[in-house]
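This document starts with one chain, in the form predicted alone, laid out as structure tokens.
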Amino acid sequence: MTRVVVVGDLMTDAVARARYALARASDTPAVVTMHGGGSGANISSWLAVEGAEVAFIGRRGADITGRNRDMELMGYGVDARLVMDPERPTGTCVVLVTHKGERTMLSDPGANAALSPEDLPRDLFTSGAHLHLSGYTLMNEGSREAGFAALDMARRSGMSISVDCASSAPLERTGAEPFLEWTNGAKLLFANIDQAKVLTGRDDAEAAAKVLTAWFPQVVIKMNKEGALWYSNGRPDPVRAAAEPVEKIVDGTGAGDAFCAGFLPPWLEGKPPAESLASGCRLAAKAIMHLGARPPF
């Protein structure tokens, strides 16, 4: 199986799920839990649990949460290549979940913002491996050079490359044109509906995917309850997959990361797009029914 090298963010998620409508400027009963998070780390964990050989490159603080996240990744079977930052804390994300399931995230990147080209282990960038880059690495000015270096090293080594758009708000702040320019040359782009709209101005997923194939040979659009679609240059129509049924929504945090982790292994093996999409939707549903962004043991 192709080795996957993930470059991205490592976070601790503080998830607060409100039991009732938010009482602004007052108190709302909630269930608050702490979990491992970060798009890059989430994808790495799900990949490892699914049996893939995966290495994760990131940066953590010299604190107890950083040590816990490091041990957690190794427990999943990830080859965790984490550089310890002596000054910055491990990144933290406060996830506010309303009683209706809507999520708002407040992120402090911490040590993630200091990821540098020198943090990238050269031995991982080899011909035949695959690089998956979290968009957060490029959208954070402090880690952007590391993202550029990872893409350059992967291209020079003959690795295939996929990029995930991460989140619509920081993507909009970064700008569509710079992001597309930075990631041009990647073989596969992952985006959800909101991110695809930021990049193309199109509300329709199929129309957005067709526009994006001007930059990427293959595009996957994640469409939440409507499933997902894959589109490639030269095809008259996209390939679609329905979302897997979900018995109970526990927490949607990290479901998009789980989708990417489900999609990549069959895609790297050359399986039909429909099979890769179905695998991604299956893992996304599993994540939604599980508490937190990381896989259950």
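Residue numbers here begin at 1 and follow the sequence given. Please read these numbers as outputs of a predicted model, since none were measured by experiment.
In what follows, reference is made to the form predicted together with a small molecule, a form of this protein that is not presented.
Chemist: Considering Cys93, Leu171, Leu124, Ala205, which brings a non-hydrogen atom within 4.5 Å of the small molecule in the model of the complex?
Modeler: Of Cys93, Leu171, Leu124, Ala205, the residue with a heavy atom within 4.5 Å of the small molecule in the model of the complex is Cys93.
Chemist: Check each of Met105, Val211, Met84, Ala114 and return the one that places a heavy atom within 4.5 angstroms of the small molecule in the model of the complex.
Modeler: None of the others qualify; the residue that does is Met105.
Chemist: Indicate whether Gly38 is a 4.5 Å heavy atom neighbour of the small molecule in the model of the complex.
Modeler: Within the cut-off, so yes.
Chemist: Though only this chain appears here, would Ser44 touch the small molecule in the model of the complex if you measure heavy atom gaps against 4.5 Å?
Modeler: Contact check for Ser44: no, nothing within 4.5 Å of the small molecule in the model of the complex.
Chemist: Could you confirm whether Gly254 comes within 4.5 Å of the small molecule in the model of the complex, counting heavy atoms only?
Modeler: Gly254: yes, in contact with the small molecule in the model of the complex.
Chemist: Using a 4.5 Å heavy atom cut-off, which stretch among 64-72, 254-262, 50-58, 232-240 contacts the small molecule in the model of the complex?
Modeler: Heavy-atom contact with the partner occurs in 254-262.
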